[in-house]
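Have a look below at one chain only, the form predicted alone, in structure tokens format.
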């Protein structure tokens, strides 16, 4: 395969209201290569999770296209979609809600194996589940237990084992560590990186935690009110962001060294409602450098060098202390 594993163009999701519509996602485009981690970041309500759900067709888009391994994913019928979904899995945010409390771990992890008919016998099924549990740091003694008998980190490991079961090539991880303690977050993130290296997995990693994103992502895409405002490699985006919103996000992130000073960018006002988005650039009501053109014209996501793209009429590099 020479092209990207996943290619998204103009992805849009509008939810109808009696008096208008909620523009949850508004023309998002990006690619993900095999074995790469692309992080989607932004404030709550910016459309990250809706985008992730559309990638797997858990939510149908209003417009746009999704190609997986060069194939039109949105044009697949039910049978073809089921076959393709073996290669695309999801890990949800809340391990307390994403695992059935009635089922034992063996049946939870084996569900994709049963759905896709991947095991010829009960013995092969159990052997495969034990193998998956060991991959995520659990053991055969956990087979007969229920989710309530595990900690939050262990539950998320079970969810990851379930996602690995059909041998996917892409996993959408929707805030997979945000419900966990900080020390456990590091363990789960390290596990995901080890699994990526072992199996060549690609991740779309959805998060609002910039410290986690910096550790795990190869590239970062920043969303604001349903649109991508900046996308680039983790190194360039964190060190020299071009969009004022990205600059504000990074300036608000905690600095590990208390002796190091960072200029905080405080944005005016609140995030507008996606049911009543501003004209032109969605960010202009809060932007410290906005001018008349920002209220009238939507800025294109243009290349600012080295594949780094930003959607700003006046964006320029802004050094952020590492």
Partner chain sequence: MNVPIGKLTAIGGGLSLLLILLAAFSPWIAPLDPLDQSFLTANQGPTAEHWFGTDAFGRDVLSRVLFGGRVSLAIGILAPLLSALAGIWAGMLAGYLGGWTDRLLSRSSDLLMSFPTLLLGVMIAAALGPSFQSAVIAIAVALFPRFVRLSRSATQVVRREPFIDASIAAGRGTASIVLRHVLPNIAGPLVVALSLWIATAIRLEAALSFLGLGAQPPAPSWGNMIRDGMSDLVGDPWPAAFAGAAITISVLAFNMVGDALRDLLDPETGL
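Positions refer to the first chain, counted from 1. Please read all numbers here as calculations on a predicted model, not as lab measurements.
Just so it is clear, the following notes concern the form predicted in complex with its partner chain, a form of the same protein that is not shown.
(Q) Within 4.5 Å, heavy atoms only, which of 127, 139, 71, 111 is in contact with its partner chain in the predicted complex? (A) Contact with its partner chain in the predicted complex is made by 111 alone.
Q. Here the chain is shown alone; which of 231, 105, 161, 88 has a heavy atom within 4.5 Å of its partner chain in the predicted complex?
A. Of the listed residues, the single hit is 88.
Q: Could you confirm whether residue 98 comes within 4.5 Å of its partner chain in the predicted complex, counting heavy atoms only?
A: Yes, residue 98 sits close enough to its partner chain in the predicted complex that at least one of its heavy atoms falls within 4.5 Å.
Q) Is residue 289 close enough to its partner chain in the predicted complex to count, meaning some heavy atom within 4.5 Å? A) Result no; residue 289 lies far from its partner chain in the predicted complex.
Q) Would residue 53 count as touching its partner chain in the predicted complex under a 4.5 Å heavy atom rule? A) Yes, residue 53 is a contact residue.
(Q) Is residue 134 part of the interface with its partner chain in the predicted complex - any heavy atom within 4.5 Å? (A) It does not: once its partner chain is placed as it appears in the predicted complex, residue 134 has no heavy atom within 4.5 Å of it.
Q) When its partner chain is placed as it is in the predicted complex, which of 291-299, 274-282, 26-34, 53-61 ends up with heavy atoms within 4.5 Å of it? A) That would be 53-61.
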